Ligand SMILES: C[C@H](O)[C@H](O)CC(=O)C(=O)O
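So this first bit is one chain, no partners, the form predicted alone, shown in structure tokens.
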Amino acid sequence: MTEGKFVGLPKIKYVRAYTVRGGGADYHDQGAGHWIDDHIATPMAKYPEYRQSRQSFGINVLGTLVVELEAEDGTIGFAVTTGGEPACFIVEKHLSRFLIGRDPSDYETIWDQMYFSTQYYGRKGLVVNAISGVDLAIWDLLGKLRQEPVYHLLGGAVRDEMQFYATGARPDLAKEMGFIGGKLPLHHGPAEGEEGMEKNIALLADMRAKCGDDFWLMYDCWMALDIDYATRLAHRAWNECGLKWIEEALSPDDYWGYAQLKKNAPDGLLVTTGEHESTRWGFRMLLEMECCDIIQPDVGWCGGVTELIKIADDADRKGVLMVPHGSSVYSYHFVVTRHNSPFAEFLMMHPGPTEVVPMFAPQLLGEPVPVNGKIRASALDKPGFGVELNRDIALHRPYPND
């Protein structure tokens, strides 16, 4: 990565934070019948009234956060993540003081000031989502001011193309579309007992029969399991169906449980997690306690690109792969520069999902999508993150400061 400041850049003049509803960065905010909200195992599934739909317990209440930074010369950098109106308040009322009048190449100092000024009420979750959105917007602005894609600023591509696995309800169709693997949502958790376990194994076995033995199949457990259930599921899914990995089986705060699950898992089955972890300190726990084989930070939630650099470096030193959680161009520009990120995730946001559609639609314009399971590095060659904000969507700015 290029070290030090980029000299003579226009300063940040305006900071704007918007919220918007319906898909995009808040990809759980979908209409009825979408696979992503169809009786998926969650920590709330122990309550029958919240078992059928994740939206029933409020997974989509916040909406998308859009952060927009305008430089003195009128150049605009932006980013989308989750956090909605509460994150807008944090960005405009708190974080903006560390941005206005600043050179965007001061991203290290800006990040440090944002994080430590909010530490007394932040450290993880919503506040770090807001910081992530700001940081991504800084990198987008920096790339546009320098007329370079973000991946050039990060050291350049280490491969000519990225290959993807698909997350969605139809791995069999994902195989036909050229993806290297398919990750299924786990539908039944511990509260549904042995009947639920049998249904989980039956679905996986059906997909294995449809996909053949040479296609990766993974289970996304979305923090829903306990150590006993996760261990039994891991062994059955490995022995009976050749599962490649079991993902985010436990609460993200249960580092000790993950360390035990990694010991309990059958040889050959990978344990993965980190989607809901944040900052270098959280991932340091996962790495030093040997909790998993692959870490999966979401660049829109873990602290942005500036923090992801540190997380990835720590993983590289530990010999642990880093495959970011699906976050469209915001992770693509990073993955293509990293040897320890050999493939990437693509979230199948078609309701079926029976076709490949842009992941963060309708908020992003010009978003590249995999063709035959791959995206060429050259598809990322536009300045910044290479996408534009769709100005036709209903953006709401609840806390204007200018």
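All residue numbers are counted from 1 along the displayed sequence. Every value quoted in this text rests on a predicted model; they were computed, and no experiment measured them.
We do not show the form predicted together with the named molecule, though everything after this point is about it.
Placed here by superposing the C-alphas around the site, the named molecule (as posed in the predicted complex) stays clear of every backbone and C-beta atom by more than 2.4 Å: open pocket.
Among heavy atoms of L69, none comes within 4.5 Å of the named molecule in the predicted complex.
With a 4.5 Å cutoff on heavy atoms, K144 does not count as touching the named molecule in the predicted complex; it lies far away. Among residues of the shown chain, F334 is not one whose heavy atoms approach the named molecule to within 4.5 Å in the predicted complex. At a distance threshold of 4.5 angstroms between non-hydrogen atoms, T167 is in contact with the named molecule in the predicted complex. Of the listed positions (G181, P185, G77, P149), a single one reaches within 4.5 angstroms of the named molecule by any non-hydrogen atom in the predicted complex, namely P185.
Interface residue among E92, D220, E277, E307 relative to the named molecule in the predicted complex, by the heavy atom within 4.5 Å criterion: D220. Partner proximity in the predicted complex, defined as non-hydrogen atoms within 4.5 angstroms of the named molecule, places exactly one of 369-377, 60-68, 43-51, 342-350 at the interface: 342-350. Interface residues of 34-53, taken as those with a heavy atom within 4.5 Å of the named molecule in the predicted complex (partner not displayed): W35, I36, I40, in sequence order.
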